[in-house]
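One chain follows as C-alpha cells, the form predicted alone.
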Amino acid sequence: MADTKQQQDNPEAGRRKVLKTGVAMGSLAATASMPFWSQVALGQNETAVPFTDMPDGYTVPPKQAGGIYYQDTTKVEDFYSPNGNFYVIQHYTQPAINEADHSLKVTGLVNNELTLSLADLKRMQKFEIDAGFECGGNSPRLFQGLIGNARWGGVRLVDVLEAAGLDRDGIEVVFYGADKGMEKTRIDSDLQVEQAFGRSMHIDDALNPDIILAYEMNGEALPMFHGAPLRLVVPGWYGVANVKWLSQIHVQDRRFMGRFMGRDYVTLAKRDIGGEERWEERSVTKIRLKSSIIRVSKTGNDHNILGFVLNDGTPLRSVEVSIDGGPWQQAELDPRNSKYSWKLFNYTWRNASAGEHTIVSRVTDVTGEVQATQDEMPEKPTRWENYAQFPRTVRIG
C-alpha cells in the first residue's frame, strides 16, 4: 500500500519503481460491497412524474453491432447500471473475438515485450473498482443517456507495465483495440488506409494504480458490446479513453496522433493563456465537473428529485438543487458513492405547488470549482464535453 501511495503522490517515484521491472502484483482495495440503495428504484407507493421537456413516447434505440445505444435516464433503478443498460458507442466494427485465442501484446520502449493471454492476466492479482463515465458527446439532446456506472474487475495496468519494464525514453502509452475501419487521407481523397481504434496517455497518467485492464463487468464476464474479452478502464476519464477489445499496449517516445486523439474527440474552445485569449484544440480526456437531474417522483405530498454527478475523481463539497430560480438547497448523496463512481443524489421537494416548474442542480468540488451555467461555458463550437447545468421542467398536477 505504501508503494501505491508513493506512486500517487510522486509519479516519478512510481515510474522509477516500474523501470526496475518485476512481477509483484500488489492488491489495492476499492469499495466495500454494500446492498443497493433502496431510494434509486421507485417504491411501492411512488410514481414517476414525467418531464415536460421530453417528448411524449420517448424511446431509446435498439442495441446493435456497430451502433449507438443510450439509456432512458428516467428509468435508472440501481446504483450499478445493468450490463444491458450501460451505454454503447462503437466507432468501427464490433469484432468477434474467441477468448481462448485472444492475446494482449505489450511492445515498444519496454525491457521485456510481452504477449499475454486472458488466462495469463487472470493469474495476476485481481483488482476491482467502481467507475462511472459518460461519452464525451453526451448532452441534453439525449437527456444525458450516454452514461453508465459499473463495478469493473481485472488487472491493474501498472502491474502489466511493471512486468514489461519501462524504458527511460518512453513518455506515451498507446492502447489499440481490435476494432478497425477504413479512413480517408487528406493527401488523396481516393486513398484509404485501415486503422485500429487507438487512444493514448502520458506515462504519468498511465501509472495511476486505479487504471485496469478489465475482463469483468458487474461480476460477470465482460459482454461483447463492452469490449470482450478485455478493455481498458480509465477511472475519471471520458468513455472514449476506455479502449474496448484491447489487443496492444505500445510505449513510445512521442505523442500519439491517431484519429481519435488528433482529429476526433478534440475540443476547440477559447482559453486564457498567459493573459492572451486564444483558440485551443485539446483531446477529450478527464471528465469535467457535471451534475444532472434525471427523475422526479411523487410519494404522498412529497416529490423526490434524483440525479447524478460525474467528474474526474476530485472529492465533492456539495450538490444543490434550485426550484424556479429560488435558493440553492442541499441534496443528499448516496452513501455508496465512491471516488470514481457516478455520485447519485436526491432532494426531497416538499409542498410543491401545482403547475409548471423548472428545476436544476449544480455541483461544487473541494477545490471550489462550481458547475458552470450554459452562459458561463467557454465559447466552444465543438460538441464535446457538455457539462453545463441542465434545467429540467415538470408539471405538478
Ligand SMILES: Nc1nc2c(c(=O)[nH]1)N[C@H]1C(S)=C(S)[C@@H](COP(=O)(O)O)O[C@H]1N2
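A residue's number is simply how far along the shown sequence it sits, counting from 1. Please read these numbers as outputs of a predicted model, since none were measured by experiment.
The same protein also has a form predicted together with this ligand, omitted here; what follows describes it.
*Asks:* Would F256 sit within 4.5 Å of this ligand in the model of the complex, counting heavy atoms only?
*Replies:* Contact check for F256: no, nothing within 4.5 Å of this ligand in the model of the complex.
*Asks:* Counting only non-hydrogen atoms and a 4.5 angstroms cut-off, does C135 reach this ligand in the model of the complex?
*Replies:* It does: once this ligand is placed as it appears in the model of the complex, C135 has a heavy atom within 4.5 Å of it.
*Asks:* I'd like to know if V240 sits close to this ligand in the model of the complex, meaning any non-hydrogen atom pair within 4.5 angstroms.
*Replies:* Contact check for V240: yes, within 4.5 Å of this ligand in the model of the complex.
*Asks:* According to a 4.5 angstroms non-hydrogen atom cut-off, is L121 in contact with this ligand in the model of the complex?
*Replies:* Heavy-atom contact with this ligand at 4.5 Å: absent for L121.
*Asks:* Though this ligand is not shown, can you say which of I89, L114, V266, L142 has a heavy atom within 4.5 Å of it in the model of the complex?
*Replies:* It is I89.
*Asks:* Quick one: of Y80, F127, Y215, F197, which gets a non-hydrogen atom within 4.5 angstroms of this ligand in the model of the complex?
*Replies:* Selected residue: F197.
*Asks:* Looking at 162-170, 221-229, 295-303, 312-320, which lies within 4.5 angstroms of this ligand in the model of the complex, counting heavy atoms?
*Replies:* Looking at the partner contacts, the answer comes out as 221-229.
*Asks:* Taking this ligand as it sits in the model of the complex, which residues of 145-178 have a non-hydrogen atom within 4.5 Å of it? Please list them.
*Replies:* Only a single residue, G177, comes within 4.5 Å of the partner.
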